[in-house]
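Heads up, the chain below is alone and in the form predicted alone; it's given as structure tokens.
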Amino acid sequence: MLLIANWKMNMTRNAITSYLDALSGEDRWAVWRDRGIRFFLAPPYPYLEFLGDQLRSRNLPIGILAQNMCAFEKGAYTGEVSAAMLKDLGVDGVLLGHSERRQYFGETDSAVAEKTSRALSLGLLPVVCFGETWEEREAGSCSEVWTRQVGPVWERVVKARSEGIGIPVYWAYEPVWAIGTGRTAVLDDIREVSRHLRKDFGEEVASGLLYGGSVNDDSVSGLCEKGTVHGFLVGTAFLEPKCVLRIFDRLFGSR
């Protein structure tokens, strides 16, 4: 089970320090880790190194994901950050294709595929986001959207596998209509996604399915089904450390 806190464009050094202070001293982190539960924080770029230092100083078994990266290896790409730079900072992986990147910054399916290939080649864990808008859902085109977004990425993953790269890839289903709206998909919706991924791309994709979209401590229990949901990508709720602990306790118990 994998859980990710996507901080988006939030937090400062003082806020991060307070956040980690609230999580420190909880011996249950080691218990959860030993159960195979992995927790990642995805901070804004300026705080990747600071967060890593703070986690190490507290001996917290929490990983770090970047929120994005460049598809190119290096060069004259002002404002971009490469996979090699993230690796150099000790980052564990990267979120790719988040709906906000697609919507506000014009990120394409082919760009997400290229980024995934680059991440795998550098040993970074990719978490690839996909999902439909409300209009696409109303039009009955969900499955076409899922295939269009996942397909090009999966081709790159297959190629990486043929080259001996076995790093797992996670696929975060985040219906755009549920992000930040308070509306949440129900378990039947996620089962449909899982069935579609299994049919079109095979068991590996389905077995790496995460859910994201207005996840909170009220909704999370009803969305967790063994064999269907393998983790959660959480935004607003995971900006509050007390909510992190409540959700973990609800899913896994305090001990």
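For every residue, the number given is its place in the sequence shown, counted from 1. What you see is a predicted model; the values in this text were computed from it and never measured.
The same protein also exists as the form predicted in complex with a small molecule; that form is not shown, yet it is the one meant from here on.
J.: Could you check which residue among V215, I190, L210, L197 gets a heavy atom within 4.5 Å of the small molecule in the predicted bound form?
T.: None of the others qualify; the residue that does is V215.
J.: Taking the small molecule in the predicted bound form as the reference, which of I179, L125, V145, M85 has a non-hydrogen atom within 4.5 Å?
T.: If I apply the 4.5 Å criterion carefully, the residue I get is I179.
J.: Where, among 163-171, 68-76, 95-103, 131-139, do residues come within 4.5 Å of the small molecule in the predicted bound form by heavy atom distance?
T.: Result of the contact check: 95-103.
J.: Is G235 part of the interface with the small molecule in the predicted bound form - any heavy atom within 4.5 Å?
T.: Yes, contact at 4.5 Å.
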